[in-house]
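Below, in structure tokens: the form predicted alone, a single chain.
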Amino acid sequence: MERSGTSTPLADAVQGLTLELVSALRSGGPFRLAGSVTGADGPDTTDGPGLAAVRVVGADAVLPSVLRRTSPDPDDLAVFSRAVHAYPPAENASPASVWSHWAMQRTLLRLGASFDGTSRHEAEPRATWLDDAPWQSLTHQLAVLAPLATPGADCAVARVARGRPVDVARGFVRAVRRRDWLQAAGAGRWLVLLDGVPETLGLLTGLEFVAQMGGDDPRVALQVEAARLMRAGVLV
């Protein structure tokens, strides 16, 4: 991964958390969010780069539990919940930011937690901005929203993706040709969940190539490992 000569505490925290997630997905071993987030001094932490990193990583911060269908440690869930509450989207936030926050809320409920002491969260955002998006833009947005690509997920973004598998496949190929490994990995994660993907795409071979070329970036590795695990689950 190419990095500038300078970094920020938040960037370092995001990278550290992502590396821990990749390690947990690859090994199948335990993952403790509360212990992995630098500066998160227990579940009552309310600020700092560690908690902000959880918000940046989004719903993927508890991906090992989601894919293994296990309940995270209560302290881990408390840290995740606090990140959701501490960083709501601004009024002028982009659709992707709104969707990312909504996905974290939904994941809280999916893991058996409550949001603001209730059993519900905000209404699902609209995805109309994706309905007529060119395939290039669609692939970019889906890659940004890759944490929404989980087994059994049903939301407006997922329904758009399911309706345009060929377009997402075209976007995957384009991202590989442009050496945009992060976008390719995110698109590939969606593709393993979609029906109607052209067999000529060679998705598994393509994901291996993306992992080889972009694997130094933990964000790429996270998406590829998620895709591999979900593909294995689909094939079982």
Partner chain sequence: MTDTRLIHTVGTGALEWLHAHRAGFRLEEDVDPEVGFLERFKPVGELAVICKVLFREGVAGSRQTQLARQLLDHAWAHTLDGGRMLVHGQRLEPFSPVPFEVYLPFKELGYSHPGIEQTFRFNHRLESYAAHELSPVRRLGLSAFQRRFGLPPQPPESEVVGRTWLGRTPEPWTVEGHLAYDITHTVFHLTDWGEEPGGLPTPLADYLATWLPAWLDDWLDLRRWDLLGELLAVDACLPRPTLDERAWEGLAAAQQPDGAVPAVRTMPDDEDPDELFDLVYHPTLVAAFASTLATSRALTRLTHAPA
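Residue numbers count along the first chain shown, from 1. None of these values were measured; they are calculated from a predicted model.
There is another form of the same protein, the form predicted in complex with the partner chain; it is not shown, and what comes next is about it.
Here the chain stands alone, but in the predicted bound form its contact with the partner chain, taken as any heavy atom within 4.5 Å, falls in 130-138 among 150-158, 130-138, 68-76, 101-109. Though the partner is left out of this view, A211 does not reach within 4.5 Å of the partner chain in the predicted bound form, counting heavy atoms only. With a 4.5 Å cutoff on heavy atoms, G29 does not count as touching the partner chain in the predicted bound form; it lies far away.
In the predicted bound form, at least one heavy atom of V173 sits within 4.5 Å of the partner chain. Interface residue remark: L194 is not counted as part of the site for the partner chain in the predicted bound form, having no heavy atom within 4.5 Å. Shown without its partner, the chain has F172, V173, R174, V176, R177, R178, R179, P198, T200, L201, G202, T205 in segment 171-205 as residues with a non-hydrogen atom within 4.5 angstroms of the partner chain in the predicted bound form.
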